[in-house]
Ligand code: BLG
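One chain is shown next in structure tokens, namely the form predicted alone.
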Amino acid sequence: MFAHTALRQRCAKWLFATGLFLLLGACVEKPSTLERVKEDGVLRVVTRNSPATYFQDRNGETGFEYELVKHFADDLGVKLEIETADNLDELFDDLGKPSGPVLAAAGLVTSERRKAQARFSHPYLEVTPQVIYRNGRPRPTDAQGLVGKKILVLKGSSHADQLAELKKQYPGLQYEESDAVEVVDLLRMVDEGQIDLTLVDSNELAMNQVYFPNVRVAFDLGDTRDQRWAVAPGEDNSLLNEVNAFLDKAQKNGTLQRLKDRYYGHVDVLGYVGAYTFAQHLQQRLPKYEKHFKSYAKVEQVDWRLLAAIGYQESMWQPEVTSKTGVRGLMMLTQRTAQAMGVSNRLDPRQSIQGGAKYFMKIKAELDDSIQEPDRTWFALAAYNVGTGHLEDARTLAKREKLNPNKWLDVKKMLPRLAQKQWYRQTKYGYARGGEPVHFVANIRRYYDILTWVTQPQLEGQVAEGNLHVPGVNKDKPAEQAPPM
């Protein structure tokens, strides 16, 4: 009897302990999404592979969305891990998987359909949906003009949703969706006349229009919309709250504006004629001098494509040109600069490139230590054009206006004032054609962007071999060889 009582007591204690353990276990909450990200030390993000979002060049990962989300990961103190989705439907499907990415940063616009699949952050970029047509063909001016046209858009995109709504009003409207293309493919197809129309957002058109000389905006379809990041649906707001706080901070401290300026602030500087001409010279002239750019870029530890962009801005890669002011050669060196850099013959392209590379890096090294990259490069380019003295005058004016003298976005606003007496009379070095370095830097940045695309590893060598498809220049080349510009 005593043994049975003891056994029952031990069983009761065991059951009590087990129940208490289970009860305590139930009270322990699962870690939030933000806690898991910090514990794992990795922020997994899904995006699209396109110029406006994320891509890889020879220097590694880049793109507007990548840069912004990298800042966010750095703020969290974790590593960034990027995944790319083949299409938007896949992107949202991946976001909803338990083991999938926790954040989508892909130039997304909200819609009623998408709100059921994800929760969206505060906005960070305004864009306008635009109807795109080919120059020389009839231009539609309103939604009615879309009827009877061959239209293709990205599958699952907000533009497809817009067309679906319009179809209710215009039953004759026909369009197709494809998950086998990206925005650059759509623009190329319009440029080459394969389709009549497409819809893209204004920022993506701005980045890519230079490559497609026949592309034009027919009209804006609807109001300006906001791009946002997305997280998985549910009640866990930890990551979303952190994202919103970061985006608000990035707006206030200028991070967003600097990225916008870097990626979109110089996109319209070439125009259609300039874009067409550059595309031709890319194939006809650059191969003759590419080895020299690469050789001296390595010596001076600078990106050869930046040197090539400077050379194109200065001479359009023509080694024997001479300006009215006496500067000569491919890199347009003055006699004084050439002598200082050890150049005996300014018309020798090899010597000119060597001297230009050396001079540019000398200017860059002499800039104030407080100027950091990427602004340091833009400042060096401006000084290459207008001189360090005038650049310092513009920085001084920026300080007086309570702007940041170490940010190109602020200083470039001051440079044109150097041509106005009310301003240059206040400076040390006086009058200068201050607008010229602003255009000089903008053009070089654009040329550099294009060179970055066409020198991606998968495209390397195609320019020199004449196999690279450049829209509007060599239409006989296969479309699939076109770089995703």
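Here the rigid core means the biggest group of C-alpha atoms that line up within 1.5 Å when the two forms are laid on top of each other. Because the structure is predicted, anything quoted here is derived from the model rather than measured. Note that residue numbering follows the sequence shown and begins at 1.
Although it is not shown, the form predicted in complex with this ligand is what the next lines describe.
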| query | finding |
| --- | --- |
| Any non-hydrogen atom of Met332 within 4.5 angstroms of this ligand in the predicted complex | yes |
| Touches this ligand in the predicted complex: Glu314 (any heavy atom, 4.5 Å) | yes |
| Residue contact check: Gly387 to this ligand in the predicted complex, 4.5 Å heavy atom | yes |
| 4.5 Å heavy atom contact, Glu436 and this ligand in the predicted complex | yes |
| This ligand in the predicted complex: contacted by all of Ala52, Gln251 and Tyr264, heavy atom 4.5 Å | no |
| The unique member of Gln162, Ser111, Asn87, Thr337 whose heavy atoms fall within 4.5 Å of this ligand in the predicted complex | Thr337 |
| In the predicted complex, the one of Tyr296, Phe120, Phe72, Tyr359 near this ligand [non-hydrogen atom within 4.5 angstroms] | Tyr359 |
| This ligand in the predicted complex: contacting segment from 279 to 287, 387 to 395, 242 to 250, 409 to 417, heavy atom within 4.5 Å | 387 to 395 |
| Core-aligned CA displacement of Val46 at least 2 Å between the shown form and the other one | no |
| Residue shift check between the shown form and the other one, rigid core fit, Ala432 Cα at least 2 Å | yes |
| Glu366 C-alpha relocation of at least 2 Å between the shown form and the other one, rigid core basis | yes |
